[in-house]
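Next up: a single chain in structure tokens, the form predicted on its own.
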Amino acid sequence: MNSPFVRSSFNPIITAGDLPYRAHAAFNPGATRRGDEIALLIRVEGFRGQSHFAVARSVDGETGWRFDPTPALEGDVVRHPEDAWGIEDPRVVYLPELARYAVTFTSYSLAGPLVSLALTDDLVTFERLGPICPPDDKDAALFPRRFGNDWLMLHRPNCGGEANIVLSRSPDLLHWSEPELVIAARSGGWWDAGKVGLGPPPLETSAGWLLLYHGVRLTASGALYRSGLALLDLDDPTKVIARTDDWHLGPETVYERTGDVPNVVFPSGWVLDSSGERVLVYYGAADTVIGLATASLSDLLGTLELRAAA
């Protein structure tokens, strides 16, 4: 297919067998730069069925991954009863104002999934701030800087069957405003007609905030997860400058089409390479392994600029 994304020849770049301890699956990683390395905060599912997070580090972000010997963050039902069924799908954003990383993730509570927040200096020790959105909500990530006095966050509540990408505001990272609609799931035969959700955190560019978001289409054989692009206004991210009609990254390979949840490509982390021109996108494949796809930033923006012009 004609896609701006190119899969790594090393895919899947990380599997459960690569971890230094026994695990069933490794997928849906958050990603960030830390010093001269790229660090992934990986969702790892153990053989009890619950997930926790582990850290992997690499100089080139593709090969030579080194894993911390023990889990980085696990569910804690004593202090955090919202972790009853584990923690899932972290997104990592560095906040220069705080000189800390913000990790938004899903705590799977008895009442359903909700958004939790933790802060960390080093991806080793985490300060948990607790739940910041009620169930049913997930796919959350912060913007890396304030807008006026407020932090902004994109997330995906599921209200009465509607699952759209929305924005909330907070003066303190703890108390969040009512959601404002940003990207709605389309209706009919579209690839993103069932529901939409944020992929990696918003990426700031000169043209606007770049988004890679997933859409879910329900088919006779189950849900099909694919991803498309959108661009938000730099000063007011509730304004959508452009949104592609087509999806650009979807399940094609064996490791994306077969696994615990077939036909899923779920991007959840991305970073720019040292040139600032190449985007490295990390994604979960079939809820089982981790893949890497790369693209030129100018190609991604060019695709959206053509859509905006149309």
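Start at 1 and count along the sequence shown; that's the residue number. As the structure is a prediction and not an experimental result, all values here were calculated from the model.
Beyond the structure shown, there is the form predicted together with a small molecule, which is absent from this document and is the topic of what follows.
- In short, of 62-70, 34-42, 275-283, 258-266 it is 258-266 that has heavy atoms within 4.5 Å of the small molecule in the predicted bound form.
- Although the partner is absent here, residue 105 sits far enough away that none of its heavy atoms falls within 4.5 Å of the small molecule in the predicted bound form.
- Heavy atoms of residue 155 never reach within 4.5 Å of the small molecule in the predicted bound form, leaving it off the interface.
- For residue 213, no non-hydrogen atom is located within 4.5 Å of the small molecule in the predicted bound form, even though that partner is not displayed.
- Although the partner is absent from this view, residue 89 contacts the small molecule in the predicted bound form, with a non-hydrogen atom inside 4.5 angstroms.
- Three-residue candidate spot 28, 225 and 287; every residue lies within 4.5 angstroms of the small molecule in the predicted bound form by at least one non-hydrogen atom.
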